[in-house]
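Below you will find one chain, with nothing else, as C-alpha cells; this is the form predicted on its own, and questions on how it binds or moves follow later.
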C-alpha cells in the first residue's frame, strides 16, 4: 500500500467525542484552468494526496479535469487522523473532502481499520479485549460521524487476509479474534447509515485462496446481517500480469451473486523500464470494460493522479497520466470503456 508522505502541523483544538480534534489543513483551492471532467456512465476516480494537490498545479488540474471521484490517499488512515489516543486530526482529510465535493466529485473514504499505518499507541500496546473493542468502536464511529453526509463509500476494513487466505494476525485479530471485522462494520453503519460500506482487499482480483477466502467471509457477513454493502478489488498490478476483462468479470460476478456491489478501488499498472504504453492501456481498458459490463460494479479508482507522485515510483509509470499530467493511452482506454 501507500507510504506516509504527510507532515502533521499543529492547529486549533476542539472537543469531539471526548478527544481533542486538531485542524491543521489549509484549504486546497480548485484550479481555475481545469477543463470540465468527462461525462461517464460509471464513476472514474483517483486517489489524491494533500501535498501534491497544494504543490503541483499539473497534478491538481489533471485530477479536476479527468476524474469524477476522489479517494484521499493517506489522510484518513489511522496514523494521520487519530495520531494520539486523545487527539483526532481531521484537517488534511477535510481539505481533500472539501476540494472533491467543491469540484462535484464523489468521495470514497479510505480506510477505517487496517493493520498498517497505525500509530504506535495502537500497534505496540498490550491490549485487553474490552479496552481494544472500545477503542476500535470509538475510532470508527468518530471518523465516520465526522464525515457523515460527505463520504459516499467507506473502505471499512482493509486487507484482512494473507495470500494463503488465512486472516492476518494483527493487533485486532489477535486480541478480538475474527469478530473485529463485523464489529467495525456495525460501528460504521451506526455512525453513518447512508454511506456504502466496503471490504477492501489486494490481489483478490485473481482466482486463488485469497479470493476464495474473501468470498467466504463476505457470504458469512451477509448471512449474519452484518452491514456489508460491497467488496473492493484493489488491483495493484503490472502490464504483464494484469487480469483480462473476462477474468475480472467472473470475479465480480462471484460477489454480485451474494447481493454485493463491487468496485475496483486502487488500480495501477506498473511498466518495466523502456516498455511501450500499449500493454498498459490494454490492462486499464480490460478493467474498465469488466466494470462497465457488471451492473453491480459501482466504479473504478486509479491509485494516484500522475506518475510523478505514484506511491510505487515515477519510474514505474503506473498511472494513466504522465508526470506532467498529460494523458497516456491508458486514460483513453478507461474513458472509452465508460
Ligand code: 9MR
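Residue numbers count along the first chain shown, from 1. Bear in mind that the values here come from a model prediction, so they are computed numbers and not experimental data.
Here the subject shifts to the form predicted in complex with this ligand, a form of this protein not shown in this document.
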>> Given the stretches 146-154, 161-169, 180-188, 116-124, which is the single one in contact with this ligand in the model of the complex, using a heavy atom cutoff of 4.5 Å?
In response: 116-124
> So, in the model of the complex, is residue 101 in contact with this ligand at a 4.5 angstroms heavy atom limit?
Replying inline: no
> Wondering, does residue 236 line up within 4.5 Å of this ligand in the model of the complex on heavy atoms?
Replying inline: yes
> For residue 110, is any heavy atom within 4.5 Å of this ligand in the model of the complex, or not?
Replying inline: yes
>> in the model of the complex, is there a heavy atom of this ligand that lies within 4.5 Å of any heavy atom of residue 82, even though the partner is absent here?
In response: no
>> Which residue, 210, 139, 77, 106, is the contact with this ligand in the model of the complex, using a 4.5 Å heavy atom cutoff?
In response: 77
